[in-house]
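First, one chain by itself in structure tokens, the form predicted alone.
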Amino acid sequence: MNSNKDYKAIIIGAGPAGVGVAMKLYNSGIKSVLILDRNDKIGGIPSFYKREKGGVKTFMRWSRGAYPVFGQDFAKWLEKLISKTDIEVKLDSLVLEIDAKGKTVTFVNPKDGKLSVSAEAIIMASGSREENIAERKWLAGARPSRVMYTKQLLNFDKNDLLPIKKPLIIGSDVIAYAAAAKLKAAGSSDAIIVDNTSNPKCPIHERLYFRFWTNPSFHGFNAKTMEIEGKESATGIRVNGEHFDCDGIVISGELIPNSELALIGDLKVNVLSRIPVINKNNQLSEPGWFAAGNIRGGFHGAEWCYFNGKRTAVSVLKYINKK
């Protein structure tokens, strides 16, 4: 295994939070910064939401007066910020393990091979992901084709799963309603949205925004299980004896932090929520380790994550300067 130079700060994740941390550190005089990301471009999740004619702008620039943009445009803005600096960015880099006490990160990529690097401060900005079927516990039944997660919708023009003509979405937060709007813009009918809650989790003003594209029907249940139906391909769900017909199912929302690395590195993590243990200074359980963005838990938009990254960087600066 090769070794590389030490840094002042290493950031795991090149999404909005990671870029926010990097920019604040760099503009505050910390020039020795490394960003690692497993994707091939800067921007995180927003970078996958392409600019398309007639598409749905689902990312809000609140600092510009609640101005909606395509995720790809938001990601390009982040990329432009980084391009004006000499911050080192290594893309296509998969972090294999971390050493919390030694403040070391081991990663691999096609160009450099396997490397181990260290820093005075390391920031976890690896975001969150949707809970799978098993993690939701209340989803049961078959596992046929055409059952997918929201992120898979982003590549519908590259596979034969979409467009779904009669979609059913499990989950009712803002991600679910955004998915319904994207599907309608792609040619589907208005989606059926079901959840194990009596009311949609998506706030009313955001549901009204997506009404420009779609008017999905919501069905809420207080049920212990929802059963997915279909042998070769999804045909619907059954809940409380009632059947809902569809030709494809999207399991949406219900985010949990990408805290696997924290667990591997013996950083303290709440086992049930998967949220890392974070103190008031944004620091994790070991000195010199910090968290920024959606890895902190909950669902937050891209711009919130960017500014949270900048706020986290203030704590990082205090730590580095104190040392």
Ligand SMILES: Cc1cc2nc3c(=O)[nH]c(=O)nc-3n(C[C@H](O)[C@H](O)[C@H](O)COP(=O)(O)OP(=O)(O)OC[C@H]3O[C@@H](n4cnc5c(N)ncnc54)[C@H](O)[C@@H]3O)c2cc1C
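In case it trips you up, residue 1 is the first one in the sequence shown, and so on. The model shown is predicted, which means the values in this text are computed figures rather than measured ones.
Form predicted in complex with the ligand: not shown, discussed below.
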item: Proximity of F307 to the ligand in the model of the complex, heavy atoms at 4.5 Å; value: no
item: 4.5 Å heavy atom contact, T150 and the ligand in the model of the complex; value: yes
item: is_contact(S93, the ligand) in the model of the complex, heavy atom dist at most 4.5 Å; value: yes
item: Distance check, F59 to the ligand in the model of the complex, heavy atom within 4.5 Å; value: yes
item: Region of this chain that lies against the ligand in the model of the complex, out of 133 to 141, 186 to 194, 222 to 230, 120 to 128 [heavy atom, 4.5 Å]; value: 120 to 128
item: Listed residue (I175, A75, A181, I249) with a non-hydrogen atom within 4.5 angstroms of the ligand in the model of the complex; value: I175
item: Single option in V33, L36, A291, A262 placed near the ligand in the model of the complex, where near means a heavy atom within 4.5 Å; value: L36
item: Contact set, 14 to 40 vs the ligand in the model of the complex - heavy atom within 4.5 angstroms; value: A14, G15, P16, A17, G18, L36, D37, R38, N39
